[in-house]
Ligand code: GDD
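Next comes just one chain, in structure tokens: the form predicted on its own.
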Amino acid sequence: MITLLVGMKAILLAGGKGTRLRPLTIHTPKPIVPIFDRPFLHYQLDLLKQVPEIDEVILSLNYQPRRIEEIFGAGDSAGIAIRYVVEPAPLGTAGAVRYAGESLHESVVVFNGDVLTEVDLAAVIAMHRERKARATIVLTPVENPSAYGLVETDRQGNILRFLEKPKPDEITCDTINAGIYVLEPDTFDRIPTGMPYSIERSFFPSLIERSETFVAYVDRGYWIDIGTPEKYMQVHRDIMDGRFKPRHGSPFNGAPAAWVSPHARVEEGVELTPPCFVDDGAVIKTGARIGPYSVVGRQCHLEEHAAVERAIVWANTRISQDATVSRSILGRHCHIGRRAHIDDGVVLGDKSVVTDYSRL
């Protein structure tokens, strides 16, 4: 039986600017982008809390760190201690790990800041210790390997090499880096200080070159990188469909539901088609339609005969009479004018104004 050491730390790499999610991330760092009514970071902390030995999460930040600290503080509301380390300048994935983990002596769990997964972290840590590994990487299979960097292993799970976006005739496996690692801090001294250094392109290859024990844990459960508008919308669909079940619970639980907060006001004659989600304080006026796979955020206001379908609308946005929002994402405090029509992958940043009768 493997005994986990007490007092492990986790480093969560959450310093990126979320450029692929712009304009949503101009005022909202990616760790606090909402998934339904909770900041995304909560879902990652829920997973880390499943390992009792992890007693502190170190958030490695660079972009708008105060916005994140204002929400999570010392971690009391999240149920796990949180410490903040702010990079003086972007240091790359490995540089951020060294900067955040300078004082660590025990094995450390490292998590990319845009990954949502159901991986059994305790099993990953147990395998790391059993193999006496210097590093363990979680791999996940994908349908289209050519779009990713592949990670090749032998039959014992030892890492052989990394293949960046291979050609069809170079594809030997379907496993990619899932962005979750267990590392030994005494390997950090090879990471240069004060300059960008990549964990994927430089640190991991150094382990292979030195023939150090570097092993893979292949997880075939749910995994997604939420860093693009398409994947961000997919996460909501997956939760509504029960493909991903949040550890804090979900109003959907695999069954289509039109979930409406008891603190929302939905007038008579509103059409709600499940699955959909309406948050606290929203006002939905007579004749409005909320179609499947829609999320209406806090304090939003849908006027008469407004329609939202397969769209995500962040808090405090107003959609005027007869306006339609479909397959799009609207940031906070937007104003959509009367009879405006928004469709097919539009992403609007906070405080956007779309005037009456406009078409996007």
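Numbers follow the displayed sequence, beginning with 1. Nothing here was measured: the structure is a model prediction, and the numbers come from that model.
If you look for the form predicted together with the ligand, you will not find it shown, but the lines that follow are about it.
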Handout entry: Candidate stretches 239 to 247, 125 to 133, 222 to 230, 267 to 275 - the one whose heavy atoms come within 4.5 Å of the ligand in the predicted complex
Key = 222 to 230
Exercise for the section: Note which of Ala14, Ala10, Leu24, Ile342 lies within 4.5 Å of the ligand in the predicted complex, where distance is taken over heavy atoms; exactly one does. Expected result: Ala14
Completion exercise
Contact with the ligand in the predicted complex, heavy atom within 4.5 Å, among Thr153, Thr93, Thr187, Ser107 goes to Thr93
Practice task
Although the ligand is absent from this view, report whether Asn177 comes within 4.5 Å of it in the predicted complex, heavy atoms only.
Solution key: yes
Practice task
Answer yes if any heavy atom of Thr317 is within 4.5 Å of a heavy atom of the ligand in the predicted complex; otherwise answer no.
Solution key: no
Problem - the ligand contact in the predicted complex: Gly101, any heavy atom under 4.5 Å - result: no
Exercise for the section: With heavy atoms only and a cut-off of 4.5 Å, decide whether Asp169 touches the ligand in the predicted complex. Expected result: no
Practice task
Using heavy atoms only and a 4.5 Å cut-off, decide whether all three of Phe36, Arg67 and His335 touch the ligand in the predicted complex.
Solution key: no
Problem - the ligand in the predicted complex - contacting residues of 97 to 122, heavy atom within 4.5 Å - result: Asn112, Gly113, Asp114, Val115
